[in-house]
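This document starts with two versions of one protein chain, written out as structure tokens and named structure 1 and structure 2.
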Structure 1
Amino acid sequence: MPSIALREIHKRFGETVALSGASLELASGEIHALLGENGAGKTTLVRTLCGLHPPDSGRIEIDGETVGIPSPRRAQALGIGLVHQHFMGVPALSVAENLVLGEPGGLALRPRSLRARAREMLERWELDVDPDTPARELSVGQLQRLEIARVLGGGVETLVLDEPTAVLAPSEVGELLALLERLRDEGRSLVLISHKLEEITAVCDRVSVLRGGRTVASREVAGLDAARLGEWMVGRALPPRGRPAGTTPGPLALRLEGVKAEGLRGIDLELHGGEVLALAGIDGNGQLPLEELLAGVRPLGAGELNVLRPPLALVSGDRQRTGLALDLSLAENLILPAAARPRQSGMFRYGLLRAGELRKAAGEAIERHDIRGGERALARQLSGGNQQKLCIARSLRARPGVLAVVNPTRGLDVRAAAAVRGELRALAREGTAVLLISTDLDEVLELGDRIAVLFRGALSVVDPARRNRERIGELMLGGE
């Protein structure tokens, strides 16, 4: 098994310095965690190893020999494979076809041999699905397993996973971590990028920490707990995670009565100003239909939806696809909703954007929400945490009576996540009614004044006397 070293890697994108002296030493047969705040350079570093971003300077060594990895094909030939956070296959093709996509002549196999080959791979990598199923019918967790099987099928000895657990349900996370341990025990080397510190202490052997594009430390995980790891990453102690302080609910702000729509089987809920109602649930149980219904892009089939304290603002669960216009600047994204009602916004005069007002709005949002990035930075260039803060900042400009947020801290580092949770609590304190839709149980427990669980398009309310992980976990799986 090879050992791999990345030494003194530098990489810029135009003006942005992404890496300035990043290193990583990967021994064979270990799981190596790569940790760092949003924008620290983790993804960029692993992409240099996988031939997706050749470095500007620095060395990559395999068993002490310097090698060039100018393309993904070369990385593959060296036995290095990358599992992206999102499915990279073709949804319309079957599971079997996806498995052989990258292989020369793979798709030319006869159906029988294709199926047999797929069966063998599926069994080997513990994915219990029919090879003929179209990939689009698989759950997020199954798609990820398929992706891993596909990458491993190419004979990979070094596997890199970029935030693989961010999209998984708690039980799926356990299964994935068990698979990673198995791969390690079979002698492969793994790099795991994750913001979930508990996962790192649970399965990783070593951890390297990136800060501002440089590797600041690298050591054994044994003896480190999550709090230590967090402290080490941001350079100071993190505030402990709390429980809601208990607010006095204000007037009724949002009411759903017998709401049915595609994917929703009858939802009743009442939300008051000043409180956070948290909806837990595994992805795919009605979160997206509810988000789309609130956004007004999914028709209401039956029942009533009333916003009693308008306006309602929504922070989408998918900041890249529907949340932001990635090729517009930070400032432009901030005032996008104003462009839809130019007269009221005060942003336009004679149909033209008032540059001074724009700059002022951007400056205020950057200051208040601690967004790292200039007003002219394109949304695409911001790190995940800063994109999320921008989405929240924008939704607040409308002074919403009701704010609905979907997975607001997904993909954020511990500090950025704490900042976003703090913002949501502060909003509730100021009287906004907050509807939190989140697949992260810790977040639900931390923020929800009241909690309900989404399961197959219906809601069950959690009895405050039974507000604990076990009970909520049961309801998430459909328990009574």
Structure 2
Amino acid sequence: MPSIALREIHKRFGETVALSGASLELASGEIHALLGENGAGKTTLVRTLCGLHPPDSGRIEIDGETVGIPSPRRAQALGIGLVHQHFMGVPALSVAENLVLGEPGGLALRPRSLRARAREMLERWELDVDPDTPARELSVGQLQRLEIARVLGGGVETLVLDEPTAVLAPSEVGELLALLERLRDEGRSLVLISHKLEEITAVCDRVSVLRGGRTVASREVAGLDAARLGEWMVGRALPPRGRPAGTTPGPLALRLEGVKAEGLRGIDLELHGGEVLALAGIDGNGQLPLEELLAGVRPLGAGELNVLRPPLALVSGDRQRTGLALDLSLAENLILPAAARPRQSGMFRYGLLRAGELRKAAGEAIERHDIRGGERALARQLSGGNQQKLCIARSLRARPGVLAVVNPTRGLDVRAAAAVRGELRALAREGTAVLLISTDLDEVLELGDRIAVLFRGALSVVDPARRNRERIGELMLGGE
């Protein structure tokens, strides 16, 4: 008998049907993968288990007994914890303070006791940071590990992880997967949502596949490969990945000469129209400062930054914090840049938004990018993958001469990720200069016509004759 079962779960948000009879059985001491396309209902299903979205119908069983889980507090009392895709702590608080958030009297501990407790938790869950460091100073990967440590500190026996490796560098993924195996060996049960099929085949015991809000398959992982899992997920075979023939570089489109800013140390970079320049690196080595410099929100300390083929469009590396206005609709987010240039956009007349043009633009973006959600849906109501597709759709509306994208396929399912990679290649073929900043080494190798590596704010160009994982890995770790 499974230790936890969700049976025939239905959930609707307004006109949107998120779940229509989804089921999941989780046995004690197993890692159970939950797989599905963006918008398939994965996050909604696990949030039902964790008390965030009580089901409209269906039932939840623990050891064969039907239980109600109307709130996260009740889920925690039952030993169930959720690690979200995005950091849910308080950036202004220290690491130690974030670790005890939600614990009765946790923030009332004396500083010495708080630090001692934090060090114990950090050591147990293998996070090497100073307890007094403000959370806002951590990298995205460190924030994810902090979130895991905080949830585990509550003594949970059933841990749900929603895309935990989506924000981790390749070197950090192996460490996290090893931690998950350790937790399983200690007797905990884990639900892992991931679009990275190789991770599922590497560490998971069972897999359930959602499609359109329903469970369409559930079986042991043994004997399955990534291709078979992908076919289950989308209903047909996935196209093979591979690096296409490069394009012929065109005129110079972007030049950085001796660029220095907080977090950057003398960046020299030239990007031509019709090429993809891929910047690899472990998160926290200058990606955010470079993104903010290109966005115009971080001051240039020294050197020159010249956009020779405007406009420059940017897809942020953090769709929730800086990529979207979460309380605006899908359509409103799509035309935010037009609101800054109302006379040139054609979206406004006499200072008033043209509703028909807004609906037309939203409809075209939804169809072209397969965004699951109506034009009136709030951005925060979209799944993480559909939020990412919205950010990409908005950047492409500007018809940029230079497109800078930061981790563009993070959180996307394999089919959506393939579509985004295809769009980036097509843009380069049409003459757009594409600057790809990615912590996904496979993505860098697949897309980059040229490759460079960011390490501690400095840039190292990869010799084309040594274009391989080993050499790039050396540079990512600071090798000469």
Ligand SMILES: Nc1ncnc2c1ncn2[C@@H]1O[C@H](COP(=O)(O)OP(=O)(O)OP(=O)(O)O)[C@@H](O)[C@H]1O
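Structure 1 provides the reference sequence; residues are numbered from 1 along it. Please read all numbers here as calculations on a predicted model, not as lab measurements. In this text, the rigid core denotes the largest set of C-alpha atoms whose superposition between the two forms falls within 1.5 Å.
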Between structure 1 and structure 2, the form predicted together with the named molecule: 1
For G213, state whether the C-alpha moves by 2 Å or more between the two structures after rigid core superposition. no
Once the core is aligned, please say if the CA of G363 is shifted by at least 2 angstroms between the two structures. yes
Once you line up the core, how about E332: does its CA shift reach 2 Å between the two structures? yes
Taking the rigid core as reference, the Cα of L93 travels between the two structures a distance in Å of 3.9
Aligning on the rigid core, what is the distance the CA of A116 moves between the two structures, in angstrom? 4.3
